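Single chain ahead, by itself, as structure tokens, in the form predicted alone.
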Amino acid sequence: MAAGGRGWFRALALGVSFLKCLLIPAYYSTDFEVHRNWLAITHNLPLSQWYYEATSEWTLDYPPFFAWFEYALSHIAKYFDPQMLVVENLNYASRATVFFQRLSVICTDTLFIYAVHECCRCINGKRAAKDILEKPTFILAVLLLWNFGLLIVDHIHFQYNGFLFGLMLLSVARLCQKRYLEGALLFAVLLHFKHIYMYVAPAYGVYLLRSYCFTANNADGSLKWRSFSFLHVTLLGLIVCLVSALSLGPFLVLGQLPQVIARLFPFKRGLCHAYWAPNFWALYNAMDKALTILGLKCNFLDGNKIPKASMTGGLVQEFQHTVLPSVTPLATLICTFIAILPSVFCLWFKPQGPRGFLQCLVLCALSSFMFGWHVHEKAILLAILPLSLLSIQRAKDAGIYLILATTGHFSLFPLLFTPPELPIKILLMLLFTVYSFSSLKSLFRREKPLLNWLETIYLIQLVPLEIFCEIIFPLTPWKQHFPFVPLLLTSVYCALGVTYAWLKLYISVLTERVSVRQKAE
């Protein structure tokens, strides 16, 4: 990024930070108590008890680096309110506690701001514009810094995703800058902060192997096998081993590694979260419900043998499907692996440099979101944020971004269900969506429309869906008997859009022709 661009970037960063401060008094979810409890656990208990402590139902289930992060925060927290660090003080939320935890998220977002700055530096200047508002770097900075989903999930709902996405985007920037070892180190550290990023590890592994461990290509773009560097592989292996040893080593010495793994991968939580993430399994569950109702009306099924509201009771638990085959963790793992495989093959056999890596990363994230076990709706951000980098480079990717971002962000609305937050989420969503459409449309104004008429109609229908869920449905008698209906409609309708965006991106990547020059580069 040019030196002259630092002024507008600083203004964007300060502006969004000020907005985050205004959201401090807003509603917060049970995740607030989750992190307060983790502060207390890591502050008061020895390392050997961190992954065994179960006074609260919100037990420590993040990797060790995040536990150490909470430990470090706890030594600052004691100066705000020591009572928040008492393990037995369940659901403790004094004003000082709320202020400290909100402030900790805002301050750690500094890493995210820096990562966005580095990503903007990686953008080439092919689309130069006189007006700063039409510069690709400016548009990218707004799409990332002011991302609607990240704002409501971190600064209202409450989590530390900005800090973690900062690590991911910084690793992406370093790979784009061909600083491979730094990128690998950052991603290795990120995995030991939050293990959900394992889903995009194949993109990192294949890209580093193809671009760093093999140092040259043939004239036709094919891989020159003799260019394999044993030194580069050794360096990458050392990074992975050293970071893993630093994170997991103490628990291995204590003989607690199985307990840590059991906490990180709790398969008994069930296929879907209480609110179905808008993915393939939401459509699968809805189909099972529809077939069940049809079967009961046609007397194909015995109503006495069907568990009531097994999937729509709002509980995090295992359940059995009624008509369709029930899904096991192994089945979701196989589906995810199969869905990711084509994108990895494309990254290897159709290399396109950093752009190809980003495409593979987004497809890995989306594929895991579509078919993963117990996926949270918030995980859609893992695909939306890196797709932002592609959206300013090509019109086709911009269209896919608009579909995925609009649908994915709308699917987060049920996270904020309290009346005071209703106008906030609608206003922020409208501002971000309008800006996304107008800025990308302006950027690619010389090309064909970013969306076709069918895609436009689909997105417009989100408006009546929101009106029905928030205004009409609560006034009907259905609310008492079918409280899950708004969530079901939101999840299923958004699942259609997410699935469509995933398929459209996959088709684009698989059918794209790569020139010999691109392969050679």
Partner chain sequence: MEKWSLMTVTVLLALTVRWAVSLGSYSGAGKPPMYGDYEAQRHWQEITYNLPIRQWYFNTSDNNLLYWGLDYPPLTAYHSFVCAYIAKLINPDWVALHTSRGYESQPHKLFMRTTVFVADLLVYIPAVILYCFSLKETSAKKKVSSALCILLYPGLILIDHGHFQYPLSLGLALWAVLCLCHDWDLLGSVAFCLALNYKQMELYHSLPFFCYLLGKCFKKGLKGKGLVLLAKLAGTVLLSFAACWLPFGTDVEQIMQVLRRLFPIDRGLFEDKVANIWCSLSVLIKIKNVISPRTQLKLSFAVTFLSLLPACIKLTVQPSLRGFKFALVSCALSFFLFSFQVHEKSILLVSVPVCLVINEIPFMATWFLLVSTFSLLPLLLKDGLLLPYAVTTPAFLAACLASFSILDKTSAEDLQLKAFSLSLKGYTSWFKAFPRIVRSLFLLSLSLMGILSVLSAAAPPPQRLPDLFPVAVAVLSCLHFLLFLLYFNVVILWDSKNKGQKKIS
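None of the values given here were measured: they were computed from a predicted structure. Numbering follows the first chain given and starts at 1.
One more form of this protein, predicted together with the partner chain, exists but is not displayed; see below.
Chemist: Please pick out the stretch from 160-168, 348-356, 374-382, 429-437 that is in contact with the partner chain in the predicted bound form, where contact means heavy atoms within 4.5 Å.
Modeler: After filtering at 4.5 Å, what remains is 429-437.
Chemist: Contact between Ala26 and the partner chain in the predicted bound form at 4.5 Å, heavy atoms?
Modeler: Contact with the partner chain, yes.
Chemist: Is there a non-hydrogen atom of Tyr71 within 4.5 angstroms of a non-hydrogen atom of the partner chain in the predicted bound form?
Modeler: No, Tyr71 is distant from the partner.
Chemist: Taking heavy atoms and a 4.5 Å cut-off, does Leu390 contact the partner chain in the predicted bound form?
Modeler: Answer no; every heavy atom of Leu390 is more than 4.5 Å from the partner chain in the predicted bound form.
Chemist: Could you confirm whether Glu421 comes within 4.5 Å of the partner chain in the predicted bound form, counting heavy atoms only?
Modeler: Yes, contact at 4.5 Å.
Chemist: Since the partner isn't included here, can you check whether the partner chain sits close to all of Ala11, Cys21 and Ser442 in the predicted bound form (heavy atom within 4.5 Å for each)?
Modeler: Affirmative, all three are within 4.5 Å.
Chemist: Using a 4.5 Å cut on heavy atoms, which of Ile132, Ala290, Leu330, Met198 is close to the partner chain in the predicted bound form?
Modeler: By the 4.5 Å heavy-atom cutoff, the listed residue in contact is Ile132.
Chemist: Given that the partner chain is left out here, which of Phe417, Trp146, Phe251, Phe337 has a heavy atom within 4.5 Å of it in the predicted bound form?
Modeler: If I apply the 4.5 Å criterion carefully, the residue I get is Trp146.
Chemist: Using a 4.5 Å cut-off on heavy atoms, what residues in 62-99 are near the partner chain in the predicted bound form?
Modeler: The stretch 62-99, when checked against the partner chain in the predicted bound form, contributes only Phe99 at the 4.5 Å heavy-atom cut-off.
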